[in-house]
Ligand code: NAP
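Okay, here we've got a single chain as structure tokens, the form predicted on its own, with questions on binding and movement later.
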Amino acid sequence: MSNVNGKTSVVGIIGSPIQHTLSPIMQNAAFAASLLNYVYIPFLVRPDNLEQAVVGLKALGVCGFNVTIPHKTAIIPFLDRLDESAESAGAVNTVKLCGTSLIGYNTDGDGLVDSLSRDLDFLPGAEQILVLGAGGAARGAIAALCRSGAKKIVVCNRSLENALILMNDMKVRYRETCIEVIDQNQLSCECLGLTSLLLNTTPLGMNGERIEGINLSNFPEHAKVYDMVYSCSTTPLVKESSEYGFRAVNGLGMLVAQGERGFEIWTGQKPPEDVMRKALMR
């Protein structure tokens, strides 16, 4: 930060809340290791100020920014163009300013698939994947899982209406994947018993909350658990899953993988290998 000057390129992240974000730690470490004159800054942007914030960031000429809860879908009308990754997901987590145009990307989904492979040795295929949540994070995850070969995805959400909208949107684009919806209150033992991967895309667990209605004793022995929450080293879901003997990880690996992709979008080059992960671990 002491080297910031008139030639420094600014990137950042917008969201509400934003105090928990770890992105500045890993991105600024990667910029420093790459000897790039960039700085990454968190911006608290409340929902009623989103449009003004996007207009302001564009006017200021920032290089780009990440988008987190609750803006991943709400920001779309304020962008000039969507990359295929964002269009297919119906959600944006990365924005780049190209000339006078703001272009939206979604690196969350591909980052998740990268992390599933690295951290859980899980490759999407014929196995059933149970996804908790139907928001922007779920959209990015499901789109990437479909592109990567997932054949059966069950979406479980408190609001059945939102889950049905998501399912219908995805079925139009990904006809080779069977996507079903189930109400969280009607989650059956049979459904859990057929699940090979449980994926939490909700923010539950960020503040130590336990996800209700999921009986881990009904999962098969080979099941794996991925919690996209990364604000604490061991979320309640990861802790409980590990106690049952399941391989389980939080979203740290996904955070790193999507961050690496964002870094490349903004700078045109790959970050030094493992710098972001090591910065977060420190």
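Bear in mind the structure is a predicted one, so any value in this text is a computation, not a measurement. The numbering used is simple: start at 1 and walk along the sequence shown.
What comes next is about the form predicted together with the named molecule, which is not displayed.
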Answer range among 253-261, 217-225, 236-244, 40-48 for contact with the named molecule, defined in the predicted bound form as heavy atoms within 4.5 Å: 253-261
Would you mind picking the one in 194, 120, 181, 206 that has a heavy atom within 4.5 Å of the named molecule in the predicted bound form? 206
Looking at 162, 148, 177, 128 here, can you tell me which has any non-hydrogen atom within 4.5 angstroms of the named molecule in the predicted bound form? 162
Distance check, residue 85 to the named molecule in the predicted bound form, heavy atom within 4.5 Å: no
Answer yes if any heavy atom of residue 158 is within 4.5 Å of a heavy atom of the named molecule in the predicted bound form; otherwise answer no. yes
Is residue 104 close enough to touch the named molecule in the predicted bound form, meaning at least one heavy atom pair within 4.5 Å? no
So, in the predicted bound form, is residue 199 in contact with the named molecule at a 4.5 angstroms heavy atom limit? no
Contacts from 126-145 to the named molecule in the predicted bound form (any heavy atom within 4.5 Å), listed N to C, are 133, 134, 135, 136, 137, 138
